[in-house]
Ligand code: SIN
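Before any questions on how it binds or moves, here is one chain, the form predicted alone, in structure tokens.
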Amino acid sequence: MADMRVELAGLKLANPVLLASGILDSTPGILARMADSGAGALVTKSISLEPRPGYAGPTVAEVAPGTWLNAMGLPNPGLAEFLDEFDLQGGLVPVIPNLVADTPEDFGKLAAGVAGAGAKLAEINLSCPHPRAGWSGLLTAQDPAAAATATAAAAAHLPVIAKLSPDVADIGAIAVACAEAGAAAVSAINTMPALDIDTELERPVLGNAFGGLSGPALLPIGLRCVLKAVRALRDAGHAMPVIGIGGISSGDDAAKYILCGAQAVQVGTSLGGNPERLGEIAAELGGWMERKGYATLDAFRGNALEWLP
């Protein structure tokens, strides 16, 4: 049997298939079900210091088979209520809180809060594609200096994963900036900024107009971004792991990310119709490894990079 154990920023995981933020993670009960389904780790919904109500609907639309556009507005109860509700240290599967803030100072406060509650690792959301502030300015993940400042503020309190955007000229430069600011890992990618129009109503399909595109169409974009981030980090002398996200719906998809150098993967949209799919993807990855004769993840991680000039 293939050994799928992996270490991520000090956490020892049974397998490299993680639940992505924003999907099936809104209550402790749902997280427990996802843990039972076979997750290597669980990333929570995005948490801010103060409660956020989210955007007016419609907040989600299927724009092509299996391809979704969403702009939820990061609704959440705020840090204090989140910490009252979620156990960050007692579960059998590690829980990784996802943190979102508008300033480095707030990222620092959030990181200190979850670290005090027992979290060993947090993901910082530098790349949500549809905040109103992003309509006229850069996202944090689009500016290497801003990404580094936010990363350093959070990393002062616990190891952090910096979640990156595909909507950048050079994602490798952003990954290196986060590494040099103290990130323990980067995850790539967040959803792709997008827009769709209802031709009958002659208006955007989402209440917020702009949203994030997810689903199978995102897979080739995610693979490209992960590969570029891995290469840039290696070229800069950083051994920091990269977590692949985007369009994963099978064990083969997960294998593609690891072949591009990813340490682990996160799965989101494909779980919408079948929460048990997470464990099935992990099992399919193990079956692929056995068929290919790979005893460990390290045996094939990054193999696709050998084909690049």
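Throughout, we count residues from 1 along the sequence that is shown. All values derive from a computational prediction rather than experimental measurement.
Omitted here: the form predicted together with this ligand. The next part is about that form.
Considering this ligand in the predicted bound form, the lone stretch of 253-261, 29-37, 65-73, 279-287 in range is 65-73 [heavy atom distance within 4.5 Å]. Under a 4.5 angstroms non-hydrogen atom cutoff, this ligand in the predicted bound form has Cys128 among its neighbouring residues. When this ligand is considered in the predicted bound form, Asn190 lines it closely, a heavy atom lying within 4.5 Å.
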